[in-house]
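Next up: a single chain in structure tokens, the form predicted on its own.
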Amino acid sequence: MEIKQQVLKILEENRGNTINGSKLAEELFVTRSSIWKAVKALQKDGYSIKAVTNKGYCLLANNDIVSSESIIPFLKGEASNFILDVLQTVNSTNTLGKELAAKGAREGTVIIAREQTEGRGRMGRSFYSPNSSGIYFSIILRPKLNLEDSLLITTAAAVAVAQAIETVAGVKASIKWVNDVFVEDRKVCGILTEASLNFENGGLEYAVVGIGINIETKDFPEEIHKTAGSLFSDKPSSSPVTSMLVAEVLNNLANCMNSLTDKQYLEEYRRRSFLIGKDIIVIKGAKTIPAKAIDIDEKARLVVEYEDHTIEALNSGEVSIRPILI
């Protein structure tokens, strides 16, 4: 780890407090001049670091530049074992995640980007991923699941995100089956799970869970500006909300990944669903079929009743669900 990253790590661990430059130099076995140069480089990168004469350096509490060093202090329990790789720009964190997973990357590897140039959503759609106004990350998992149960991963991730939003942003979050998280009738998060099948045993070789959250995104493209939203119109200046949000999602996800088949989170998923009990439109190819959402079953499938009273359990690979606009 280069000196700049070592200095950042210590400053993040002591965010809001002044750290003596001499002590920093002594701890890192470098000169005071090296510390000064590292701080200047961090300031050039945009970090809000205050230099106080005869006292030292202080990373201000409102600094919200995302880095592994800014996220790690907020990780708890098993989430502390995640391997974080934070990048400025990628084409797609899921694309990179799948490449790394295929090469044997360890479970718990997390690719985090401040911007995606080719962000992807379900059904081949694009995901708007502008620089610094949202956060985009993918987690490599190697769950012991068969393909039929893979929908449980997306379900658990949606609950993890909704819980994190409520903890960090203090707003109520609901879920639109199967992979979208909403705040005040606006989509603020999309989740894309992609998996590779082990043909020898019929189980999953790996799964990559991609999560994109709009923190303070504005100026959405015309095709989504009526449905997309952000957690904040302006981020609060008192805390690093982006880093806290990523960490809280990872904390929640780590807590349920070892119990996916126990399905303990399904009841909360049902509770947060805003489709159950409502009239909806089921879209199958070019066909749109009126139906009513009546439940989410134990395999996380949406159970619908059509106008002829037939009942079907829908999975994510078959359809897209859209509420009827009245």
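Owing to the predicted nature of the structure, the values given are computational and were not obtained by experimental measurement. One rule holds for the numbers: they count along the sequence shown, beginning at 1.
One more form of this protein, predicted together with biotin (BTN), exists but is not displayed; see below.
Chemist: Answer yes or no: in the predicted complex, does biotin (BTN) come within 4.5 Å of a heavy atom in every one of 120, 187 and 212?
Modeler: Every residue of the spot touches biotin (BTN) in the predicted complex.
Chemist: Could you tell me if residue 191 has a non-hydrogen atom within 4.5 Å of biotin (BTN) in the predicted complex?
Modeler: Within the cut-off, so yes.
Chemist: Taking heavy atoms and a 4.5 Å cut-off, does residue 177 contact biotin (BTN) in the predicted complex?
Modeler: Output for residue 177 is no: heavy atoms all beyond 4.5 Å of biotin (BTN).
Chemist: So, residue 136 and biotin (BTN): in the predicted complex, are they within 4.5 Å at any heavy atom pair?
Modeler: Yes, residue 136 sits close enough to biotin (BTN) in the predicted complex that at least one of its heavy atoms falls within 4.5 Å.
Chemist: My question is simply whether residue 92 lines the interface with biotin (BTN) in the predicted complex - judged by any non-hydrogen atom within 4.5 Å.
Modeler: Contact with biotin (BTN), yes.
Chemist: Which one of 242, 150, 116, 252 is close to biotin (BTN) in the predicted complex, taking close to mean a heavy atom within 4.5 Å?
Modeler: Residue within 4.5 Å of the partner: 116.
Chemist: Let me know the one among 206, 182, 74, 127 whose heavy atoms come within 4.5 Å of biotin (BTN) in the predicted complex, would you?
Modeler: By the 4.5 Å heavy-atom cutoff, the listed residue in contact is 127.
Chemist: If we take heavy atoms and a 4.5 Å cut-off, which stretch out of 252-260, 78-86, 93-101, 157-165 is in contact with biotin (BTN) in the predicted complex?
Modeler: It is the stretch 93-101.
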